[in-house]
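Only one chain is given next, in structure tokens, and it is the form predicted alone.
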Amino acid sequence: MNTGRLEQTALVLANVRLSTAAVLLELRLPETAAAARPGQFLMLANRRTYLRRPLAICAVDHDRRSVSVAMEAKGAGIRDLMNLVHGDEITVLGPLGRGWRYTDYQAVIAVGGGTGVYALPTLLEAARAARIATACVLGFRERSRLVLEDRFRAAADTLLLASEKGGLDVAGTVLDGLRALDPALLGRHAPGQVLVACCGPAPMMRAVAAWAAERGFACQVSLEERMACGFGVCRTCACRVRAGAGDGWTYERVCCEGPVFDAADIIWEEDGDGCES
């Protein structure tokens, strides 16, 4: 659930180039840093477009009282944010959304692709701090798109990087990476004690959810939907989810009831007018 929708003015502390296509924006946000939970997001204002942009919280630094978000150029609004420099100020809404539910598990396997990888570092770090075993499989289009490798290696007991173009740990998709995980690692915990946490393109999340279900692992997915307000009023981000027995379903808002959902509850776009992510 939301911990609040506090609007603040954020001071840009740093703009760090992560790859040829991505940057990490560090923002001084003391109250947000204190309140944020793994899997939540922020809505950032920009100068070029009317609507704010939703971005996953990628890092929290309590010493610097800062929160960081990462982004890749996709449109005018994001490009505007990517051009911010130290000393600039912007308005930010957050922390928002319902994040990862991980504390009841003994092991977390984080799986990410595309911009979905940015929703995972805070989860892995929180799980490790709670003495939960961690593994991570990430997919990148090519080696030049690889981001945050040192941070993921520090947070995950096991990290596998996949690319269909080769040059990383696994040649193939994140599913190939999951299949390459040490069977002894997967067998160390009862299936019901393992959580698969996934964020990325919808076809990837759907495939990962099926992989998890085959093994009896719980699976949560963080949806990346278009948003206008970020706190449930506009309903732009509403998706169909299963409800009750049989074919029952309802609409839930990704910004409020999500962005993290149990994968078994999601009605994907291929099932009909569901969630595209």
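Sequential numbering from 1, following the sequence displayed. Computed from a predicted model, the values in this text were never measured in an experiment.
Below, we turn to the form predicted in complex with a small molecule, even though it does not appear here.
- Here the chain stands alone, but in the predicted bound form its contact with the small molecule, taken as any heavy atom within 4.5 Å, falls in 218-226 among 26-34, 242-250, 205-213, 218-226.
- Residue-level contacts in the predicted bound form: of Gly187, Gly192, Gly166, Gly75, one residue has a heavy atom within 4.5 Å of the small molecule, and it is Gly75.
- By the criterion of a heavy atom within 4.5 Å, Met71 is counted among the residues contacting the small molecule in the predicted bound form.
- Although the partner is absent here, Pro54 lies within 4.5 Å of the small molecule in the predicted bound form, judged by heavy atoms.
- For the chain shown alone, Thr115 is a contact residue for the small molecule in the predicted bound form, at least one non-hydrogen atom being within 4.5 angstroms.
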